[in-house]
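So this first bit is one chain, no partners, the form predicted alone, shown in structure tokens.
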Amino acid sequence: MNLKRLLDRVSKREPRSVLSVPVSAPNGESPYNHLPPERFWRTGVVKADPLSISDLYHPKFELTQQDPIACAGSCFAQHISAQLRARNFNVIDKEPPPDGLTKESALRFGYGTFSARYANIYVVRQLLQLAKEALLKEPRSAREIVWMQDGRYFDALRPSVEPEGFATADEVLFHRAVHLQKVRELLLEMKVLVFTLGLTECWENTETGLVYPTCPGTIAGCFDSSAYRFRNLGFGEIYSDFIELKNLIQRRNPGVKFILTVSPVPLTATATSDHILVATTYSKSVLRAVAGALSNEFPEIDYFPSYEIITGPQAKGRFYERNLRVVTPEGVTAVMNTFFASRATVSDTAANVDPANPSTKADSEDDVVCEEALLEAFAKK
């Protein structure tokens, strides 16, 4: 389906689900006389408590603490995964850390951040590639996925999970095969996938179109303009990537549902010719539009507004650290309190959360691994 037909299809369907409850009023009266407070800016935003905005989110389907949940996405998704675990939700972990490994070492080697050791997945195309590789067993050549750095070998599709690399390329391929088997089990077992969309910018292999989580040369590998090129994905590409991903998974795991969020974390750097503020606004706007279109069109896809909670005017910037990029523990708590408050079946006394002051248990930025943040090192001082 070409881009024009895709956009026409979305534009034709969207008006039917713009409002969850149709607005109606007796003849002679304005429909706005009957709208609840959250539909007006003054009562829904200006007077709202940024820590607890009422009626912001109404889940499309129930989520119980017994449902097998898979978590994936960008850096902010690590907060969501950690908070779900803290509330005793059944977050799958197909690659747990070995016995005796410290928490610091586990994080350094990619354990415990998501439902498998795939590290951060910033664009939908990365997740689609991974699903194809795991479910369809699509082969990847060593030339595509093995990078070298200082005599060591790295998995180019998750270079951060083995920070010291491997001794040989064969070791990379062996460990990737084990990883893919775990991802396959995860995709077939999960009942809900919580996925955080992070970026539109990515780097791809010029020959095969394979997308990488980082630019070659950032963590490992060596940049070669003849082998790699920059891409800034648009609405149609991201939308169609997710549709393909959804269909691929549902053919093997019928009934699986999806909860989408958009990361409120701005870009660290942009490879476009735009100012970083313009590039960030473009990226987040496209991702938010894609998530909204998917949620409007499919009953099994829900959108949770974590992006709006952190970045909205009602927050007054209080949910960012001084660098205006890192989300504070208070912000994480505000997001997750909204998520859990909307679900009647969730216990308020989860073992690892103090309901009177849940922000004391919010994971800190020291517990978050973010490859994209490494680009800050390339900024001229």
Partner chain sequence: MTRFSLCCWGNSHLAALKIAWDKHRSEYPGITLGFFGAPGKQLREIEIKNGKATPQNPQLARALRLVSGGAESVDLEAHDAFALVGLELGFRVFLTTLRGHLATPEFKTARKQQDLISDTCLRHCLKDLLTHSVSVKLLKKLKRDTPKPVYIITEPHLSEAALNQKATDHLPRLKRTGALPRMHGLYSEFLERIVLEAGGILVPQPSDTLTDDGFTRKKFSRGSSRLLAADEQHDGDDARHMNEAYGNRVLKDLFTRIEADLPLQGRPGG
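Positions refer to the first chain, counted from 1. Since the model is a prediction, treat every value here as computed from it, not as a measurement.
Not on display, but discussed next: the form predicted together with the partner chain.
| Looking at the partner-bound form in the model of the complex, is residue 226 within 4.5 Å of the partner chain by any heavy atom? | No, residue 226 sits far enough from the partner chain in the model of the complex that none of its heavy atoms falls within 4.5 Å.
| message | Check residue 105 for me: does it contact the partner chain in the model of the complex (non-hydrogen atoms, 4.5 angstroms)? | response | The answer is yes: residue 105 has a heavy atom within 4.5 Å of the partner chain.
| task | Considering only heavy atoms, tell me if residue 231 and the partner chain come within 4.5 Å of each other in the model of the complex. | result | The answer is no: residue 231 has no heavy atom within 4.5 Å of the partner chain.
| said: Is residue 175 part of the interface with the partner chain in the model of the complex - any heavy atom within 4.5 Å? | reply: It does: once the partner chain is placed as it appears in the model of the complex, residue 175 has a heavy atom within 4.5 Å of it.
| said: If the cut-off is 4.5 angstroms on heavy atoms, which of these, 136, 148, 276, 101, is the one near the partner chain in the model of the complex? | reply: Looking at 136, 148, 276, 101 one by one, just 101 meets the 4.5 Å heavy-atom criterion.
| message | Considering non-hydrogen atoms and a 4.5 Å limit, which listed residue (85, 152, 257, 184) is close to the partner chain in the model of the complex? | response | Answer to the contact question: 152.
| Answer range among 302-310, 234-242, 138-146, 108-116 for contact with the partner chain, defined in the model of the complex as heavy atoms within 4.5 Å | Flagged stretch: 108-116.
| query | Out of 142-167, which residues reach within 4.5 Å of the partner chain in the model of the complex, heavy atoms considered? | reply | Counting only heavy atoms within 4.5 Å of the partner chain in the model of the complex, the contacting residues of 142-167 are 152, 162, 164, 165, 166.
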